[in-house]
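Same chain, two versions here, written out as structure tokens and called structure 1 and structure 2.
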Structure 1
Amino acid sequence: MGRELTFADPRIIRLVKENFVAVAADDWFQRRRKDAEGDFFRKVANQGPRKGQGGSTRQGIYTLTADGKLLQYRNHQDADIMHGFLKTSLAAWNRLPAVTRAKGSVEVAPLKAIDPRFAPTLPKGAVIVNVHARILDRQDDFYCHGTCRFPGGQRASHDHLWIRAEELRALMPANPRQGQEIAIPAKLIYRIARYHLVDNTRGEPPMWTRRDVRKADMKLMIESIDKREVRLKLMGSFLLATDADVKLAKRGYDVALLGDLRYDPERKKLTRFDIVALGGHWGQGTYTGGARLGRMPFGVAFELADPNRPADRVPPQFIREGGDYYNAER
């Protein structure tokens, strides 16, 4: 969230748009992948202070030339500091020989081979769901935007849920009947519970383990049917806690879910996937410090994403762990 606030600064947006080519990448993937892209990233990073000794992080902000010469490195969230960093990086660029800065001075060859372990792609036929989480407060018996002392912690986070084709088919029966209850695949239930009912509003959160899922109930029922649309109602409740004795759990989430799902029966296409999760969350992780004390209102919202938007094709955070993302019920 800190970097999001930094790069929302109008001065930085203007400076970057006019003078840089902006690229965002996941250091966890980039420092591990064994292909030309990974080699290029490590070449750049190795010129700076973070050389990834022992597989450690190389995250930060890099300014570089197209041929991989590092101009400057910084890992800071203060907008004023980053604005100054970008200006001095631009000055370093302008000091390079004109032939180096000329258009077409570097020819980038096509990427022929990609390391599939660290370049996850959306499975064929899958859908993308936007997932936003936010701290909340109570005011006059209504929920409202939450407040906290952590800078930016009151803003909504953003992740993606990927639902595979076979899971979608399970949600959309061939011969739907009003009042029919649909069995939701356990893989999908536990994927939502473990990897998407998390507090990622202040940084990178610890995901729930299979053992942390103390209760996982989710039901889907067909409410109405016509030629163009089948409407389904989703209801659920989860208890997630790091200890079987919830009173002793250092971190937990006691949450209820309500959802409105719809699909086109002729095209067999999901047209709506709106779910709201609301409950009391408590505790924090190693990289999500600054949590409010005690059980506090916390909400998560799910809605279909646009697969044609590059930003909506960013892989789910926990897909880093490979097969576990798709087998969360184990």
Structure 2
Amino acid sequence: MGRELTFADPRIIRLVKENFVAVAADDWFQRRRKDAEGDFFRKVANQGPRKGQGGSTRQGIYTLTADGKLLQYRNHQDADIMHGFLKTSLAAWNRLPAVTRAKGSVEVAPLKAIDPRFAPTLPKGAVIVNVHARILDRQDDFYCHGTCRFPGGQRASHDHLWIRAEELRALMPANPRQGQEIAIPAKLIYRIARYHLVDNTRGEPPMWTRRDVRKADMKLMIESIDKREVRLKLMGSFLLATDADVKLAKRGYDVALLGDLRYDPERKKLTRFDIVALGGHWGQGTYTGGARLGRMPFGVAFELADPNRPADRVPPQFIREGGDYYNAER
């Protein structure tokens, strides 16, 4: 969270945009990849202090050349320090021979093979949905952004829901009728409940186990049809709790859902996937300490992502845990 603030500094934004090619990566995947990209990253990291002994983290901020020379490494959140780091990195770059820095002087061949275990890719025909969670507070008869003592914990989180092609087909019937109820695949209902109705506002969250889903109710109905657009209304409610006796559950989310989904019947293309989840959340996980006390208002918003935007192609958080993301109903 703090590093997001570092890169929000206008001096740093300007310096990076003008002088660097910026890339963000998940070290958990990157340090484990057994392919040319993983080899390249480890070669760079091994020139700095984070050599990954025993498979440990190599996280931090690196500046490097396209052929793999480490310019500098630092792992700090202070914007002044990181601004200085970028300037000295640029000075180190400028000290390299002009021929090394020239455009096209390094040849980078296409990546031939990708380690699928640690470089998950979007399945063919799947769509990406952005998922943002946020703590809320009551204000008059509505809600406002919540406040908490955890730095950055009041901001919206980011994750991505992947919906596979066969699931999309189930949501978009070939011969829609007004008032028709659409059977949402259980795989999708439980994927949303277990991996996307989570409190990830303070870091990597614990996901819900299959047993934690105490109630799962999600209905989808066709509201209107015209030549260019079919509109569907989604309604649902979930009770997610770490104990069957909700009063004893250390963590839980009692939540209602409402959604506005649309598709183009001719192109068979989903054009809107807006969902709001709103309810009371309580508890925290190992890496999400600092939760507010008691059952507090908590919302999650879903909307279609832009698949051409690199940040929207970041895999769902749950996939890195190695579980079966696509069969959450089991």
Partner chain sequence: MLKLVVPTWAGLMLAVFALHAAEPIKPAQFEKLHALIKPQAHEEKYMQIPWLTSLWEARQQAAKEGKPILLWEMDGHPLGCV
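A quick note: this is a predicted structure, and the numbers were derived from the prediction, not measured. Each residue is numbered by where it sits in the sequence of structure 1, with counting from 1. Basically, rigid core = biggest C-alpha set you can superpose within 1.5 Å across the two forms.
_Between structure 1 and structure 2, the form predicted alone_ = Here the form predicted alone corresponds to structure 1.
*Treating the motion between structures 1 and 2 as two rigid parts, report if residue 12 and residue 63 share a part.*
Yes; in the rigid-body motion between structures 1 and 2, residue assignment puts residue 63 alongside residue 12 in one part.
*Name the rotation angle of the smaller rigid part against the larger part between structures 1 and 2, given in degrees.*
Treating the chain as two rigid parts, the smaller one turns 14 degrees between structures 1 and 2.
*Quote the shift of the Cα of residue 98 between structures 1 and 2 to one decimal place in Å, the two forms being superposed on the rigid core.*
That residue's C-alpha sits 8.7 Å away in the other form.
_Inter-form CA displacement between structures 1 and 2 at residue 113 - rigid core frame, Å_ = After core superposition, the C-alpha of residue 113 moves 2.3 Å between structures 1 and 2.
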